[in-house]
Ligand code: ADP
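A lone chain, given as structure tokens: the form predicted on its own.
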């Protein structure tokens, strides 16, 4: 993680923006937090003020009624105000418990709305992982911002009240030394000089300790990322479990994991030592300041400048000041150090989408006639200098069956990403009915396609929601597509029908489905949305050629008159298509039906067909 120096002015702006965002996620949060701070200050000084009044009234010989009222204010008043404080504290703590989850949900919304190219960027994923690591490992970022900001404001107000009382106390020096203004001024000056020196020492030691502890904490961020990898992304993965056992990786992994934990614990221990040294220094300073204060109070009482009972008030106020000064200083240093993590969060939210989302509505045609054309399209992925597609030009119409074949890495999946506008061409243009697709409303254009990708995922959600990709859905329609793809029997076995969760990851009543069944659920999801274009992008790559051919040919019957695009590196799967496009090294090199292409002995299709034939020939 790069070191970035943030000025005080920028730090204030960043933290204010972060706070406003956090508070905006819970209605009424800001008002209730403000009320909580005010009541907290009142609770802190209630006892000091009314106890001092009670003692002074006793010394002055006040009436029984006055003394009884003093006792009522000290006891019952304190009880009532404490109950109100506890109620508001509960609300504040509840709000704080959401101080990461709600901003994290906000972050998830950002991720799901980002340009797709960011999802294939490792640097973007690392930025997100660092944000998660700070929140998980130390509560840093916007989470810590919430817990730090409210106490800082509360402690500043506490100190202002204490300073007000202290200023009044010091002003009484001129009463303690009547007719001796120079002596009174010298007395006040020495007090404030000693007070300032001691607080400066405390400030310096606090700042040094907090900065060192934050450096150690920051050093654990990459360690935490490795910890998550070893524990959740490798050791606990079923597919990794086989590798661990077959290659006896236990000792290797334990060695790296133990070294990682040593590094993490080493930084934690260093933080503990710094905190211990800071506490020793600050404790000593507070002891000196307390002695100074009590000396001042003793002089004031002996000179008759204040009453005996006022010792409770002024000693309590100055003790409060010392306590809150110490913690406010520590939290301000921590708040400043935490600013870089708040900035990481806000900068992530500020990542701009590059894609122009368009405004034109997609034409609603009664005849469902759409024409897609790639016109001299070239494309290279961000950060790469190699064109994946080069001067790529094709044209196809609604209702056609287009098979796209070629060797691995030839650009087949990139063709689909561009067709679905997950990326925009580097050069050239893609046209829908003669209009550049970038001019169409982005969401409307996406609604033309249903895709089953090679790396499709089925989340651990109820079956009905999985097929409809929505909480609200037409149950009869979901059942219909499940029957059509051959999952009717599975549905009838589901204990809760469409409400049955898939997989047992999060619900013991869920149902684990096989890889083949998951493929059919993904196909049902594509069919449910009833779009003009349906695309299979090698979702059966793990199957043998004959099994893949069976799924593709069956799916062809399901799509009816819709445009279907089939992507495969296996030529056998797409023989039923009358239109086959062959891509090689990013270029459209051949096009035609199987009979035509296989006759061209100089073409790539002929070579691929004869190379693969041994794997899928059947007896005639």
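Numbering follows the first chain given and starts at 1. The shown structure was predicted, so the numbers you read here are calculated from the model rather than taken from an experiment.
One more form of this protein exists, namely the form predicted together with this ligand; it is left out here, but the text below deals with it.
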| item | value |
| --- | --- |
| Of 526, 432, 388, 300, the one that lies within 4.5 Å of this ligand in the predicted bound form (heavy atoms) | 388 |
| Among the candidates 340, 326, 144, 412, the residue which, in the predicted bound form, approaches this ligand to within 4.5 Å (heavy atoms) | 412 |
| 4.5 angstroms heavy atom contact with this ligand in the predicted bound form for residue 232 | no |
| 4.5 angstroms heavy atom contact with this ligand in the predicted bound form for residue 465 | no |
| Proximity of residue 408 to this ligand in the predicted bound form, heavy atoms at 4.5 Å | yes |
| Heavy atom of residue 503 within 4.5 Å of this ligand in the predicted bound form | no |
| Which of 465-473, 127-135, 258-266, 415-423 lines the interface with this ligand in the predicted bound form (heavy atom within 4.5 Å) | 415-423 |
| Members of 318-340 lying within 4.5 angstroms of this ligand, judged by heavy atom, in the predicted bound form | none |
